[in-house]
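Take a look at this one chain, the form predicted on its own, written out in structure tokens.
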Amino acid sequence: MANGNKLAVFNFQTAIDKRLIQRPNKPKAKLEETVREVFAAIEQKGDKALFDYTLKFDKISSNILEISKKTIDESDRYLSQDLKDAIVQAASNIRKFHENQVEKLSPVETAKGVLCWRENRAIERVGIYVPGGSAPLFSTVLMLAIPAKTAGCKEIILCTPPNIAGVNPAILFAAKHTGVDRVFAVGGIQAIGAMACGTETIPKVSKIFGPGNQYVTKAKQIAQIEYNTAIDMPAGPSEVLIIADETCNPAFVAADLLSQAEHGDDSQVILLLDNELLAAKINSELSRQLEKLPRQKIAELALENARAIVMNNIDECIALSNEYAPEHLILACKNYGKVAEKVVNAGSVFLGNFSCESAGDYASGTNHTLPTNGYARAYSGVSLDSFIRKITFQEISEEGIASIGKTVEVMAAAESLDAHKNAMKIRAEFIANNKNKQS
């Protein structure tokens, strides 16, 4: 088994056990109870509950929720020029990718005189949750605020956990650069609760976006079910699955595995390959690179639940990957274009040896807010569509009544919905009477 700095290697050529691709389950005792308790307190006490839980959970004593415009405007003073330039370039790429998703109006005449089309309407107020803690994810601001702004959302609010100094300046700079309207220093369950319930300071939103730990995920689910607040997806701990063969670069593969493992001790790392000797080479690289990581202890904990699984061939690897439905899938194998055609379930796919997952996390342009925990079987990652509602329109002329009137009447009668039938019939009769008068 894994010893904290290597992947446990299992050989599926001799024994297939699908338990090897089960996600690690952390104890969930009192998880839902805790979330409900926080939500109830927010409903009753508003802002005061947020301060109380920030002290309890984050060990931060504060009486200020909203970050001032002055503080946000001055955030760039605390960042290097290299970091500011990087954020600006990444934002440009992300904006290009999401602007390309804007749909053109395309009316269609489904029958003579029956014109149908669909138009986009942005969700008016959205809430973005940005994890803080040991790794403040300012990149998440870019991934969520940019498509929200591109979609035309009227108000974008952001919640992120505070630290002793306030809010990380990189988060504030990214918020300023992407057009976030208001930033609040509150995190965890209480941030989700505030956006779902609304308080004296934080407005209730229509939809909540952003990743988080199991508590944030559960809070988002309860917000959706019981507080009429939509969510992007039930995204939990981050994960990567890599499919590799002899054409891969073992150092690259090891680096990609570690880039995911350093997210947190609950991150999931899986390697599928068709060569047991290759597994040994990658493990050797993994141990070497791990020693140099500042977040070594976190990565080691994640690697305790990681594994390398040797299959008979790449087709078997793809089949197992589709069953696992990874958040991130890296194809470090020959003919990866052909292999990619067989991918059914994945959040985002990275093709070839040079397409590292961290490129998608930051600057290639695709969105890094993706379904985890197998939800890629049914959910897509965040896109422009996540921030809009699609409303259908139809315009029916007299000619349209003639085209589809009888069909509507017959179907309505068959369902015993006479008022439905009459709504069409009365129009048809009106048109017929007018024609008779004119003739």
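We number the residues from 1 along the sequence you see. Values in this document were obtained by computation on a predicted structure and should not be read as measured data.
What comes next is about the form predicted together with a further copy of the same chain, which is not displayed.
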>> Just to confirm the contact call: exactly one of 247-255, 188-196, 310-318, 275-283 touches a further copy of the same chain in the model of the complex at a 4.5 Å heavy atom cutoff, so which is it?
In response: 247-255
> Applying a 4.5 Å heavy atom distance criterion, does C153 contact a further copy of the same chain in the model of the complex?
Replying inline: no
> Is G347 close to a further copy of the same chain in the model of the complex, meaning a heavy atom pair under 4.5 Å apart or at it?
Replying inline: yes
> Is A49 close enough to a further copy of the same chain in the model of the complex to count, meaning some heavy atom within 4.5 Å?
Replying inline: no
> Is Q214 a contact residue for a further copy of the same chain in the model of the complex, using a 4.5 Å heavy atom cut-off?
Replying inline: no
> Judged by heavy atom distances of 4.5 Å or less, which residues of 254-289 approach a further copy of the same chain in the model of the complex?
Replying inline: A255, D256, L258, S259, E262, H263, Q289
